[in-house]
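Have a look below at one chain only, the form predicted alone, in structure tokens format.
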């Protein structure tokens, strides 16, 4: 015991306020670790780095019908922000509406499902399997199925409501400028909430049972147990899941494009669908689409920074992230 105390006194104490090592210092210190992932890094540089550099380069040009490149400088970026035909600000509003709405409701619904499935009850495995079906179905299959269910003339939903006498005529959902975004968000929430349920179910299993038992002994009701014990332990999981879902929804394409194509009248157009339209639909404007892609890349890069910071919180090497 005395020897341990003497070693503690002799050992140098860390300096207060010492900055964590930077990125370069971390790479040098762990250079042998990076050698193992060097092949994967090289593949990523080819698969991701080359298209990225090519897109940035192309954003300063416009390609004519004959395939000739004409330098335009920053004109493409100015057109995106000012040209009414591009509808950048309207599409940005649609994208934020879609992303925030989908992320919020998917998180709430998935959290509720995780809390229900965390309790033991007969048939819990069957209910869990049923709730996982939307996540297992591919986006293409889900888009086509929901497109026909919600069809204004021949849809199963509208036909059933009229047959049951709940409505006098079939509702117009996907073909209505006012209803298309809430309808798409509802379908997307149905598709995504199982992911939140899986993540938070795993998080709930890490909550110490001893703390919950102590809270019950102290007289805490279910709400207080959830607020003061369960929720603080899930804070990190909820944050990472929400950020990951937010970034995923910002990049959504398949569901919206196959169900509405961004219509009617760009009422459901998102950043990704508009980039696709500019690049491949009608008269291609690939320089304009590339500039739009660069703007979206910078936005995603900023969000990715916050995601990495949340993911590495508490890591001694987080300063290198």
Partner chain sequence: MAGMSLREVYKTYDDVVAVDRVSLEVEDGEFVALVGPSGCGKTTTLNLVAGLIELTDGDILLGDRAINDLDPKDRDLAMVFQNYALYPNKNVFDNLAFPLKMRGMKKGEIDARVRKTADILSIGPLLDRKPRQLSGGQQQRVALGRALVRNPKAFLMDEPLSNLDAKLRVQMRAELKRFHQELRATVLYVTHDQMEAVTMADKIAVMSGGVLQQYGTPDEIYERPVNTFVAGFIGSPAMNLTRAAYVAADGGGFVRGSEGWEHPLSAVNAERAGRSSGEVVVGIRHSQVRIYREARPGTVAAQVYTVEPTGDLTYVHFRLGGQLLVASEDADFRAAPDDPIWVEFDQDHLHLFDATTEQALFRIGAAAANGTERAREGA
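Numbering follows the first chain given and starts at 1. In this text, all values refer to a predicted model and were calculated from it rather than measured experimentally.
What comes next is about the form predicted together with its partner chain, which is not displayed.
- In the model of the complex, at least one heavy atom of residue 218 sits within 4.5 Å of a heavy atom of its partner chain.
- Within 4.5 Å of some heavy atom of its partner chain in the model of the complex lies at least one heavy atom of residue 214.
- With a 4.5 Å cutoff on heavy atoms, residue 228 counts as touching its partner chain in the model of the complex.
- Interface residue remark: residue 224 is counted as part of the site for its partner chain in the model of the complex, having a heavy atom within 4.5 Å.
- For the options 73, 122, 165, 232, the residue carrying a heavy atom within 4.5 angstroms of its partner chain in the model of the complex is 232.
- Checking 128 to 136, 177 to 185, 205 to 213, 247 to 255 against its partner chain in the model of the complex, the stretch whose residues place heavy atoms within 4.5 Å of it is 205 to 213.
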